[in-house]
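Shown next as structure tokens: one chain only, the form predicted alone.
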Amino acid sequence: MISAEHIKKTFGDREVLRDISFRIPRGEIFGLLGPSGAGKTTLIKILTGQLAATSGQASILDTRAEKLTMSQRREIGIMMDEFGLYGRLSCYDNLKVFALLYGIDRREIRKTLAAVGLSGSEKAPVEKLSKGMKNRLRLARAFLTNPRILFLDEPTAGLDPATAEEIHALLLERKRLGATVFLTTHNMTEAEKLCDRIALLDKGHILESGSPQEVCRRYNRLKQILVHLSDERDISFPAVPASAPEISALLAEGTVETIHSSEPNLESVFMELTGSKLNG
């Protein structure tokens, strides 16, 4: 559904993206993780044909991104923070503009607003909406054509946990319906929850890729089993068969509260690879 082959992008003498390659199949949520300035938004613009790559090739629906037809563009929904909403127009009228552009039946507007939890705000002017409601409206605009592919740039940035959770549920529902989702984020918890595969991007270069679990397992240097006991003690055991009798004895005593393996999270992996935090 989406492919990138050796994409490079420079602005003057500044290299923003360097040799980016990946393929994303139908029905997958793919997460591009990296801090602000890593090149995530630039890559979305190239993949969606808004910006030309310096070299390499981006394709969507087996078509080069810069040659997408209008009918193919209807199959693609894009949510980016910089895509401004019309502040003086209502939620309904904002979507009406895009419905007219794409020749969509206006009855779909109310259905789409209801799908993102804005059915009670159809007449509300956008300038009066909270950040969370504006994000919902941007999602509604991305969903309006019932696209096969969604590009979402930091869709939950700055939102409270409850609102972010509701947006996560919307994205998982789109995946269930067969949509392919390209998601950029610097929120490792979000990526671990939503993404089938991720790529870690830093300074325009992909450092690692795979499922979140695979990436974390690759950097499990300690290979320990961590046991927390009811008396608040924490005990670590090497992850080898010889540790089994001691762990079993603790379980038999009924003093074990939690057992965890020692894989790092994505934040820890990113710090090991770059020396800096993923968030921010």
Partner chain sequence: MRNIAAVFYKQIKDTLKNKTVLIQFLMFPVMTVVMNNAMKIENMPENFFTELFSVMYLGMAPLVSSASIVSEEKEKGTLRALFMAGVKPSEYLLGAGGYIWAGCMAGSLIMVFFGNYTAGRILFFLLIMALGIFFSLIFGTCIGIASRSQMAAVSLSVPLMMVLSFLPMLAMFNHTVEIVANFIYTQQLQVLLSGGTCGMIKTESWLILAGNGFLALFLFAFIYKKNGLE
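Just so we're clear, the structure is a prediction, and the values are computed from it rather than from any experiment. Positions refer to the first chain, counted from 1.
Here the subject shifts to the form predicted in complex with the partner chain, a form of this protein not shown in this document.
Contact label in the predicted complex: L85 to the partner chain, heavy atom within 4.5 Å
Flag for L85 set to yes.
Can you tell me if G103 lies within 4.5 angstroms of the partner chain in the predicted complex, counting non-hydrogen atoms only?
Yes, G103 is a contact residue.
Is there any non-hydrogen atom of K175 lying within 4.5 Å of the partner chain in the predicted complex?
Flag for K175 set to no.
Does I78 reach the partner chain in the predicted complex if we count a contact as any heavy atom within 4.5 Å?
The answer is yes: I78 has a heavy atom within 4.5 Å of the partner chain.
Contact stretch among 196-204, 69-77, 112-120, 152-160 - heavy atom within 4.5 Å of the partner chain in the predicted complex
Comparing against the partner chain in the predicted complex, the contact stretch is 69-77.
Just give me the residues of 40-57, first to last, that have a heavy atom within 4.5 Å of the partner chain in the predicted complex.
Contacting residues: K45, T48, Q50.
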